[in-house]
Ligand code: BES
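The form predicted alone is given below as one chain in structure tokens.
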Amino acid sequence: MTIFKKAAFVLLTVCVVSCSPTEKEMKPTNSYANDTHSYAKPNEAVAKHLLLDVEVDFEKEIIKGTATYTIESTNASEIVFDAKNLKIHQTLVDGKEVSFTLGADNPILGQSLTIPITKAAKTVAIRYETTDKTEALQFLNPQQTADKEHPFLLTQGQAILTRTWIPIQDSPQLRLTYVANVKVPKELMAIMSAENPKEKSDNGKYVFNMKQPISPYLIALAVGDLVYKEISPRTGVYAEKSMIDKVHYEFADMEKMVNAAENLYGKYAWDQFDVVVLPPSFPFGGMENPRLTFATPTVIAGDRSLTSLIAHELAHSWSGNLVTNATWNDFWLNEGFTVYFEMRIMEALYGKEYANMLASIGRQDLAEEIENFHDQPEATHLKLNLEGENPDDGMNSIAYDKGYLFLRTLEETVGRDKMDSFLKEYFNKHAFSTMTTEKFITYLNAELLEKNKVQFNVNDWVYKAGIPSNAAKIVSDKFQKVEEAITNWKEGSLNATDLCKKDWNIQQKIHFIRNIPKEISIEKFTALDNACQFSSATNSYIAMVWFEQAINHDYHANNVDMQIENFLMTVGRRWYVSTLYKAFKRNDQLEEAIRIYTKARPNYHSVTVNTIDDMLGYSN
């Protein structure tokens, strides 16, 4: 046993007693929903607190250690955990070794890990290590980082990937607190979705405490050569040294965002709101890990034009982290509410017109997504049935933008004041709990619609395909001016040079590019690029939408082919890269897509790889 392990063992013993929930907090056992994406049987035996004692081995690219749970049961004889692509070495109940059973391996769910317990059992410990198939982890070599000096590790647990780096009851309804002891190389810093250090330790040992109960998918870890810079006493940013000043500038409005959010729907419940900007392979725009949002470097535009993403992840501190979807079939309860809240934060800070531009782009995304699902109309329901499928398949514009449109339509029906009062009470009353669609509808009917004698077609929105006819109309005056310019440019009364001189913000430019007519000539398209220099855009969002149009229009001038390839080689954000690979496929350029993807694939996180593999029919 190393010195670290001895110290950790002492801390483990202390924390199982003093850091776990009290007996009062542990009882009574809840009535949990059936979650087809977890093997756990929480109505029989459930974990309520985790003590994680692990070491990160960059040489072997694994995490190894022990997960010790404080449990409660209803006279159960066993407790069941989720595990996928893990090596389970030993299990103990109240400190005594017991046998364990691993179930059949399911390609999506992994395996059940069943451990016998007694009626009086209080703790279960699992000694394990990850493998090279662990999907949540991405180990990066120095060349894949900004500073290119040290390796990096990031985790991504949503939706059901936490079970690939921690054996756990991996259902979003199973909230737990945690303490973690993490050992990393001393030149690196470890940070988690918990109370975090602001400086590196001298010996690479870190202790984390998450006092509020969170869902398993929100347990997150990042390890790298990171530094911290404060924005306000409760907000700040982590990044690699070469990025920290840019990140600090970009996210300077974080405290203002927290204040705006609190003014809308009540006190921020997580004490600290920090953001870490990760290497470009991170598969999402952001991930709302409590106290520590993970963010993509693609939002560092230099002009704060893409920071609605931070407002979105902050909004998750209420919708998602505070009140959480009970199962992944109820995912819209996380994302639809969060987009609505995001738009309200952006409106409070930057005005209604700005928020409407963002919402209009989302409305376009929704129309495109519904068209994509024309052969699967059930996939456009808000309440999903994902049994037998990867829940990641439900993480699309339906949950986000149809969910938002439902809530915006509801707001316009009942009035904003009533809507705000309802949502504030909803978050307050259900804080630190989980919600099913059916439970929410019951609450909505009782506390908003019936109370105010309002008729609303809730079931049409939630359980039927497409968009109901009463959907709110989102109008942006600035976008209408863009559309007028498109018409004038198309008809020849406005040339490309004058068009590019217009004082448009980023959202207007994106709206313009996305709506370039399909039938526009290649000469006109080339003149536009020559005037606006879109092929060399440094704003990643503009680059993505322009590159998609370049592929759609079979455009190859201005070195755009090399720019597209470089973009796909250096950006790992799934939305961005999948948009371009999809464009290649749609335009009968599958061979080119596979050529680039074969080179870029090692740079992507497994979340992105799984999506693109399936899209392109790629086999390694």
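These numbers come from a predicted model, not from an experiment. In case it trips you up, residue 1 is the first one in the sequence shown, and so on.
Although it is not shown, the form predicted in complex with this ligand is what the next lines describe.
J.: Please check if M287 has a heavy atom lying within 4.5 Å of any heavy atom of this ligand in the predicted bound form.
T.: So M287 counts as contacting this ligand.
J.: Does this ligand get within 4.5 angstroms of any non-hydrogen atom of H37 in the predicted bound form?
T.: Although this ligand is absent here, H37 would stay clear of it in the predicted bound form, with no heavy atoms inside 4.5 Å.
J.: Indicate whether this ligand has at least one heavy atom within 4.5 Å of a heavy atom of Y400 in the predicted bound form.
T.: Y400: yes, in contact with this ligand in the predicted bound form.
J.: I'd like to know whether Q158 contacts this ligand in the predicted bound form, with contact meaning heavy atoms within 4.5 angstroms.
T.: Yes, Q158 lies within 4.5 Å of this ligand in the predicted bound form.
J.: Heavy atom within 4.5 Å of this ligand in the predicted bound form: which of W546, F331, F337, F81?
T.: Answer to the contact question: F331.
J.: Looking at E72, D392, E240, E411, which has any heavy atom no more than 4.5 Å from this ligand in the predicted bound form?
T.: Exactly one residue meets the criterion: D392.
J.: Determine which one of 379-387, 262-270, 207-215, 277-285 lies within 4.5 Å of this ligand in the predicted bound form, judging by heavy atom distances; exactly one does.
T.: The contacting stretch is 277-285.
J.: Check for me whether this ligand, as it appears in the predicted bound form, comes within 4.5 angstroms of all of H312, H316 and R573 - heavy atoms only.
T.: Yes, because H312, H316 and R573 each have a heavy atom that approaches this ligand to within 4.5 Å in the predicted bound form.
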